[in-house]
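Just one chain follows, in the form predicted on its own, and it is written as structure tokens.
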Amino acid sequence: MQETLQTLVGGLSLGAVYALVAMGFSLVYRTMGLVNFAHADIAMIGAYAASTFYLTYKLPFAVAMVVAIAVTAAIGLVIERVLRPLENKDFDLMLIGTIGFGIVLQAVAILIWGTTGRAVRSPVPAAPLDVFGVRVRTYDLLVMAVAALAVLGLAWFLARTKRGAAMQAVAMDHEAATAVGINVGRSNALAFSIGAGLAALAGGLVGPMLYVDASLGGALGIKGFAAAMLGGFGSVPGAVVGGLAIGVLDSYAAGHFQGYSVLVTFLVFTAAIMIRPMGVFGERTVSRA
């Protein structure tokens, strides 16, 4: 029983990271109807940036994370600005453009940090805590707490601020939002920027849990994309539910099937999507009709 609960906590902490990645995917998709395939590589850049400021420049972990989020948010703004002229011309080219940006970001990461990865030490004591008889890593609790704050912060922003309300309106109907004076381009840029920031947060948090290298984005991106699909692409609550589900499933599969854990995880995911193709909360996106 104790081992099962420890596996559950480990799965929830990884799932919290996947949920952050999935939220970034969903936020851009629900606002623009675009799948940002550079999102995973932005998470990788965020992981490298956070680890560099933390390990090389000796900044506190929290400060290093904030700087990494700011850097990747700026990258998100640049990507959206470069792709913006294509939005009303050829949407497929925008999609291909995000793939191109992902390739560029991988190349930039290799040029700056090389092909050798790095291990990131935990910013909190490594000694596990005893919670109701279950030994839990302190860092796992930190990851879940930070992810929960990010989810609550995004929910507050979307529901309580003018910028958030404008993004909600754009997500519902581009033309109607434009007709009432909302700057759609600014909302799209903000969605890209926040999505990139969430990716950096996920990448920075996962650094002490996994190994930071150029392939990290692929590992995070696949699980985050699956989480977004499972919850319902474009649904922020769905991204959270999907991320936690994928994390727990991945953790249990790793404990019981070891070398086949990825296969088992995606077999279960495939079965779930076949039963409910639109995901748990249903797909939500701006109408492109």
Partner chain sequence: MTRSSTPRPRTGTRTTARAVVCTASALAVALTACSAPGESDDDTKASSGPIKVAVVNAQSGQLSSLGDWEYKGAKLAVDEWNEKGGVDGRKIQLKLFDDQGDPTTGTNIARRLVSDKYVAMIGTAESAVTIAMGPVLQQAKIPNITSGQSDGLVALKSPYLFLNGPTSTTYDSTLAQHLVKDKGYEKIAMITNNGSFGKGEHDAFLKAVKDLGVTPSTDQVVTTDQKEFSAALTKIRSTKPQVIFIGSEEVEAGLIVKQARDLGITAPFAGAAPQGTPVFIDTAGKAAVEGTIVSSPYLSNDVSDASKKFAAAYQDAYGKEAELHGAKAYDGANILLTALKTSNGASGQELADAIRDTRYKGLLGDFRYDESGVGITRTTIGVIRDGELVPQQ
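Predicted, not measured: the structure shown is a model, and the values here were computed from it. Think of the rigid core as the biggest set of C-alphas that the two forms share within 1.5 Å after superposition. Positions refer to the first chain, counted from 1.
Absent from the display: the form predicted together with its partner chain. The rest refers to it.
With a 4.5 Å cutoff on heavy atoms, Ala254 counts as touching its partner chain in the predicted bound form.
Using a 4.5 angstroms limit between non-hydrogen atoms, Ser215 touches its partner chain in the predicted bound form. Residue contact check for Ile75: none of its heavy atoms lie within 4.5 Å of its partner chain in the predicted bound form. Among residues of the shown chain, Lys89 is one whose heavy atoms approach its partner chain to within 4.5 Å in the predicted bound form. Comparing 146 to 154, 159 to 167, 67 to 75, 93 to 101 against its partner chain in the predicted bound form, the single stretch with non-hydrogen atoms within 4.5 angstroms of it is 93 to 101. No residue of the trio Ala189, Leu249 and Phe269 has any heavy atom within 4.5 Å of its partner chain in the predicted bound form.
Annotation for 73 to 87: interface residues with its partner chain in the predicted bound form are Arg81, Val82, Leu83, Arg84, Pro85, Leu86, Glu87 [heavy atom within 4.5 Å]. Core-superposed comparison between this form and the one not shown: the Cα of Gly255 travels 2 Å or more.
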